[in-house]
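This document opens with one chain alone, in structure tokens, the form predicted alone.
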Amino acid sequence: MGRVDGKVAIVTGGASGIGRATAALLAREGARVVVADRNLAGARQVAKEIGERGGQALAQWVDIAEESAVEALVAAAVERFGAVHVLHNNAALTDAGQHAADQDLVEMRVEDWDRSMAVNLRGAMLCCKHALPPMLGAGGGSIVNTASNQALSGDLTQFAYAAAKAGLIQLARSVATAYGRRGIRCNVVSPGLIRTPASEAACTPEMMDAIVEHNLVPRAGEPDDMAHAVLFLASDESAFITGQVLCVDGGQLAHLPHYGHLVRTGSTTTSRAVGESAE
């Protein structure tokens, strides 16, 4: 028996990276999965692979910034599988052009800020808005938002992305609070560096190495690391967990900032050696 047997799950951004891994894992654990993405060919490939392994999946085109497309996505899920029990709000605007535009705040163009908000925050809101009615009709469900550690710490760039991802955290808390007594749970997974096509396009190898240097688990994350966290929060195993943020980051945010220096130099303490005095 799978951990999400009998459930119907919508995964946005399901054609690649974290979404692809999550869709595949949910299907292996018994869910019928709607693989939603702007890349319809990629979504169809993921759905095909799920079917070849004996699962059930539907590929559906969606632009989560467009309400009519989100409404059609949820309607397609209900028409094909009869219900919605799980929503993984994973799709995000991560292309190189958007990253290049999301740099210095003083130079930020309003249209670039608004585009980030439209996809990275409003898109999740629209998915919640339209998935909640069939979830409530099914007696409850679980929503999992993919945020980012950039929502939890400051950076020199990515102002719009970080603010939108922080909004996803508060959206989850609000949904959890407003609908908890009606059987809806809503949580957040916050990744550190996860090796996906998007992250490898955005980060140089040197930057990836620098980030890994600060991980307590000495490697970058893989999409399956995130998928297993989403599966837990989607399943009834997490029935008493809602409104929470689960960092899937190898311990990236669990330590003081000098950790990387200590590892690099082989030091074990920030204290001065015995007998050494300060000038």
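Remember, it's a predicted structure, so these values are computed and weren't measured experimentally. For every residue, the number given is its place in the sequence shown, counted from 1.
Just so it is clear, the following notes concern the form predicted in complex with a small molecule, a form of the same protein that is not shown.
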| item | value |
| --- | --- |
| Interface segment, criterion being heavy atoms within 4.5 Å of the small molecule in the model of the complex, picked from 51 to 59, 37 to 45, 23 to 31, 238 to 246 | 37 to 45 |
| The small molecule contact in the model of the complex: Q98, any heavy atom under 4.5 Å | no |
| 4.5 Å heavy atom contact, P191 and the small molecule in the model of the complex | yes |
| Touches the small molecule in the model of the complex: P197 (any heavy atom, 4.5 Å) | yes |
| Distance check, T146 to the small molecule in the model of the complex, heavy atom within 4.5 Å | yes |
| Position in contact with the small molecule when the complex is considered in the model of the complex, options A91, A131, C186, A164, heavy atoms within 4.5 Å | A91 |
| The unique member of A76, L171, L126, V119 whose heavy atoms fall within 4.5 Å of the small molecule in the model of the complex | V119 |
